[in-house]
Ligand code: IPM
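Have a look below at one chain only, the form predicted alone, in C-alpha cells format.
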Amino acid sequence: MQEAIERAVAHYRELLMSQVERAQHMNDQAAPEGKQKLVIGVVGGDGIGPIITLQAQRALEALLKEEIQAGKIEIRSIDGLTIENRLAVGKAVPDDVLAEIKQCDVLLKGPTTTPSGGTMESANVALRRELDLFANVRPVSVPEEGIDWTFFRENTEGEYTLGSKGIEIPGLLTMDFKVTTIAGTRRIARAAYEFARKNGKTHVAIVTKSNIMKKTDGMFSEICRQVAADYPEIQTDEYFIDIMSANLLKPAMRPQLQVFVLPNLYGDIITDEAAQLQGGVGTAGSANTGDRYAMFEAIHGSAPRMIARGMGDYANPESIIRAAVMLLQHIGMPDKAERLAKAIDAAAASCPIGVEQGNTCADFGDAVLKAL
C-alpha cells in the first residue's frame, strides 16, 4: 500500500509540474505572418466521419472554386486519424498525422472514436491541446422559441486536460484531476465578452459549480467577473450548472439568455442539451479556435453502432456542413457562409435523411450543391 501511495505522489508531482510549465508558457504560440495561401485540412476521422465529412468538403470545394483555382486556398485531405491507426501506434494523434495537421491553417474534422477505459486519450482533447484551441464556440438557434445562444466552452483545461492521467491505488480507489489556470480562464472569458460586444449582445451567463468545486470553479468564476468589469454595457449573471441545465428547458427564460462562458466538462454536456432543442446533435456545428489554428467539427460522435449495422450511408451530414459554415465565417467569407447556411436549410426541407425516407448522406450533399 505504501509503495502504491509513493508512486501516486510521484506521479502527481510530475503532473503538477507539467501544468505549471503549461500555465507559464501559455501565450508562446504565435501566428505566422505573410502567408500567401490558406490551407484547409479535411480530416475524415472514423466511423461515420469520412462519410459525412466528404459532403462538407464537396460544398466547400464548390463555394471556393475560384479561390482554389487562383491558388489562394488549398483544400488538403488528411488521412490516418482512424481508431485503427491510433490504436496501432498507441497515440491519440499519430505523429505523422499531427505533423500534417500543423501544416494547415484551419481544419474541418470528422468525428473520432475514443475507446472506453484504458489510457488512450481522446483525439479531440489531444488536438485541442497540441493546437492550443482554447475556445470551443457552439451556436444554437431556434427563433420560434426565442433561442439565440452562443456557448464559449473552455477547451483545454478542466477535467479533460489530464483525463487519461489519473491515479489508482489498486483495490481501493482512483482519482482524476481538474485543472484551471488564470491565463486559460481569462482568455476564454475575454473571447466570450468580445463576441458579445461585437455582436450587440447584452447578456453573458457565467456557468460553474463554484459552490462545490471551490478552488477550480471558484477561480473560474472570479476571473470571469474580473473580465466582465471591462464590459460595463453587458449584464453578467452567474448560474450553477445544474440550475442552468434546467433553465434551458424553461420557455420564459430562453429569450433572456444570449452568451454563455463555462468550463470544459459543463460546456460539453450542456451544449448537447441545447443542440437537442434545435433538433438534435446532428444539426449543430462547433468551432475550436486559438491564436494560431482553428478546427471546425460536428458536435456528435462517430456513431459506431450505425457502422456496425451497415447504416453509415444514412448518417446525417448536416452538423459537419454547418461546421463548414462556421469555417467560412472564420476565414472572412460571410457571404459564402450565408449561402451555405441557406443551402443547408433548403436541403433539410427537401431531403430528410433515413431509410424510411429513402435519402442517404450523399443525397443530402447533392441537395446542398443543388441549392447552391
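Numbering starts at 1 and follows the sequence shown. None of these values were measured; they are calculated from a predicted model.
Same protein, other form: the form predicted together with 3-isopropylmalic acid (IPM), not shown, and the subject of what follows.
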Partner proximity in the predicted complex: Arg138 to 3-isopropylmalic acid (IPM), non-hydrogen atom cutoff 4.5 Å: yes
Partner proximity in the predicted complex: Glu297 to 3-isopropylmalic acid (IPM), non-hydrogen atom cutoff 4.5 Å: yes
Thr82 within 4.5 Å of 3-isopropylmalic acid (IPM) in the predicted complex, heavy atoms: no
Contact test in the predicted complex: Asp268 vs 3-isopropylmalic acid (IPM), heavy atoms, 4.5 Å: yes
Per-stretch contact check against 3-isopropylmalic acid (IPM) in the predicted complex, the hit in 89-97, 195-203, 166-174, 152-160 (non-hydrogen atom, 4.5 angstroms): 152-160
Full three-residue contact with 3-isopropylmalic acid (IPM) in the predicted complex, heavy atom 4.5 Å, for Thr114, Asn124 and Arg128: yes
